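Starting off, we have a lone chain in the form predicted on its own, written out as structure tokens.
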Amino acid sequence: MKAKIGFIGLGIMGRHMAGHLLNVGYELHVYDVSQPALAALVEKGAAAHAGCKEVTAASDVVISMVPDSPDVEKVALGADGIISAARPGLIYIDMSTIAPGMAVKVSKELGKLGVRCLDAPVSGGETGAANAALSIMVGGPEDLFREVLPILDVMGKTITHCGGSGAGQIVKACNQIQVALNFVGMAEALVLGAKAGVDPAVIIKVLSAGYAQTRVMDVRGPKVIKGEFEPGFKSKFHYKDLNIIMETARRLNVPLPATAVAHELFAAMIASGRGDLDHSAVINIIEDLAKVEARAKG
């Protein structure tokens, strides 16, 4: 008999992830602050609830996909959160991107009540979520990871146990460093070429065929040179992740000079009102400074 699954957070990615679980026959109990988001999942067969406590009471496994550490703390440990309906045997999987320390705190507090916890942040943006092709980085007990792997398999393609509690969030931080620097590198290359009069489409074509090729370039490059910045992953969320990364680096006494530059470029995006654009829109900051637009000529 399949587990009853609760899903909290039906945003850009969460709605797709929850939908995949419904599609393979899981009984799904959902909650989101957005009524339209709830209605869309109810139409597909999910049961809507008034809050996290109610979702938890109806579920064997609870998954959350919310924006930031304070949101996870509220969902898990708040007055009407998971903790208020916690019981031995309940499984909690947080798939948000949060501070590693918060993941450890939640695991410890819920663990006192017999709840088994995993932190399982994801990478792949809306495209990965929609195609059930997310990369999922999991921290927590390995036996629990193996137990819930059939559930994670429904939402992701590359699923890796990274270590103990908080390890999934550490690996996600590493991922977000690399992604941010890839976007910044692509932005600088395209703007330099455009300023010199070279068609950015030519730059993308050449770089994509050589050592400079990245998945960021493959997925977002063609959209960037068309000026298309509808969010697959919003800039303000990547900035949030970079804040977590810099705080973690300070705690561990690790210098991250290139990441610090990326952090400030994303800070400039927020300050310029571009926080709701895709993170590839960081090129706009470089364009502003260079006084040129890196757009395809064809």
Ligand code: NAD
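Numbers follow the displayed sequence, beginning with 1. Please read these numbers as outputs of a predicted model, since none were measured by experiment.
Omitted here: the form predicted together with this ligand. The next part is about that form.
The partner is absent here; in the predicted bound form, the one residue of Phe229, Tyr239, Phe233, Tyr26 having a heavy atom within 4.5 Å of this ligand is Phe233.
Residue in contact with this ligand in the predicted bound form (any heavy atom within 4.5 Å), chosen from Ile136, Val224, Leu118, Val75: Val75. Proximity to this ligand in the predicted bound form, taken as heavy atoms within 4.5 Å, picks out 27-35 from the listed stretches 54-62, 256-264, 27-35, 40-48. Although the partner is absent from the chain shown here, none of Asp199, Ile283 and Ala290 has a heavy atom within 4.5 Å of this ligand in the predicted bound form. Looking at Val122, you'd find a heavy atom of it within 4.5 angstroms of this ligand in the predicted bound form.
Residue contact check for Leu22: none of its heavy atoms lie within 4.5 Å of this ligand in the predicted bound form.
By the criterion of a heavy atom within 4.5 Å, Ile12 is counted among the residues contacting this ligand in the predicted bound form. Put simply, Ala294 is far from this ligand in the predicted bound form: not one heavy atom of it is within 4.5 Å.
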